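Encoded as structure tokens, the following chain is the form predicted alone, with no partner shown.
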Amino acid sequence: MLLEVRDLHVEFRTRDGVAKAVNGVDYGVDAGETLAVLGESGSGKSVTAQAIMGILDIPPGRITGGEVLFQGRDLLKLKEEERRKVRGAEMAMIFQDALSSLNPVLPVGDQLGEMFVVHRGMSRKDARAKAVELMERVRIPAAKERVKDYPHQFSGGMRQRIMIAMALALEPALIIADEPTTALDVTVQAQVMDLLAELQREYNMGLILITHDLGVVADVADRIAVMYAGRIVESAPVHDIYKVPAHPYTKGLLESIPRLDQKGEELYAIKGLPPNLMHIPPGCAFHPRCPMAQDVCRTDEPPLYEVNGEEPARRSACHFWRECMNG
């Protein structure tokens, strides 16, 4: 397996208390595979990605347990200098806000070229030529002329393409895309996702796609891991989850997607709010919002039950996963 996250725990120590942002996350991704990590804001998706990349703010963040195995190496045991060599060259991240992620006072060509100067020892001239090549690869028109432009001179969709080009620069084995289509209109979203899928096939990369939008991942993901309150509550092949969800939270997320055959009807919404991570409820963290909750849900935290005995495995952290699938 290209990347394997095992029992990862991350917490943030604040003046108000300890926020347990990630509580025993397990997932993995192979070369050429797309894993979509879903959940509402605050579920721990991005914090898990930051811990994997080694860009977590420490303090206040703190990794308190677990392993992150990348090509057999535990990244959490590497020194910072070794982690830097992995970042960019072997794994890269696409951030959700391209405008704030790009340096506003440097031309985009210089920012793309910096990767080759630092990691490959290229001259500035050769690095600029590689930057143009990358911009053309992600279909930015008139790349030779636009390589000297600044981030604010590009549209949101074009800036996101530059972020993709930056992530691909050194042909990493793994890319983590953190809500790469946020704030883009629907047409541009589709273009960006198609581009990512095409480049992934070309380079045979592993891709972790972090999103809260189930509609975005239907056509691009191979597997889905659903997060709630810092835990994986369901993991399954993408078509299995869309066909029959095995967790009430996943079911609620699916029912919240707008549908063409329900025009004019009120959209479904999961009742209540995600829990305060400083005061996660006992038992199943979802029980205060769950329509299926019973007494056992309020006292006993459910393990990840194996829903099928086949490969790829399907799991659900719900005491009543059978009833959920049959309902």
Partner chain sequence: MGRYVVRRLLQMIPVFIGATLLIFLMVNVMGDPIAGLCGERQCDPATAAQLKKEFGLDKPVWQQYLTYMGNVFTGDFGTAFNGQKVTELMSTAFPVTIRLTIVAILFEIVIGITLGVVTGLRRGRPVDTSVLLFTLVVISVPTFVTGLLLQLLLGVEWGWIKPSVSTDATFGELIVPGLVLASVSLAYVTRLTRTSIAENRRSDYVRTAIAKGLPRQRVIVRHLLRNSLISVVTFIGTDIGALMGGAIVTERIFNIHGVGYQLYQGILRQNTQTVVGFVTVLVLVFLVANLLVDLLYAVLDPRIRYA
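Bear in mind the structure is a predicted one, so any value in this text is a computation, not a measurement. Residue numbers count along the first chain shown, from 1.
FYI, the form predicted in complex with the partner chain isn't displayed, but the following is about it.
- Of the listed positions (138, 115, 168, 193), a single one reaches within 4.5 angstroms of the partner chain by any non-hydrogen atom in the predicted complex, namely 115.
- Contact annotation: residue 228 falls outside 4.5 Å of the partner chain in the predicted complex, judged by heavy atom distances.
- Interface membership of residue 101, defined by any non-hydrogen atom within 4.5 Å of the partner chain in the predicted complex, is confirmed.
- Contact between residue 291 and the partner chain in the predicted complex is not found at the 4.5 Å heavy atom cutoff.
- Residue contact with the partner chain in the predicted complex: residue 57 places a heavy atom within 4.5 Å of it.
- For the three marked residues, 50, 84 and 95, a heavy atom of each sits within 4.5 Å of the partner chain in the predicted complex.
- The partner is not drawn, yet in the predicted complex one stretch among 195-203, 68-76, 150-158, 229-237 has residues with heavy atoms inside 4.5 Å of the partner chain: 150-158.
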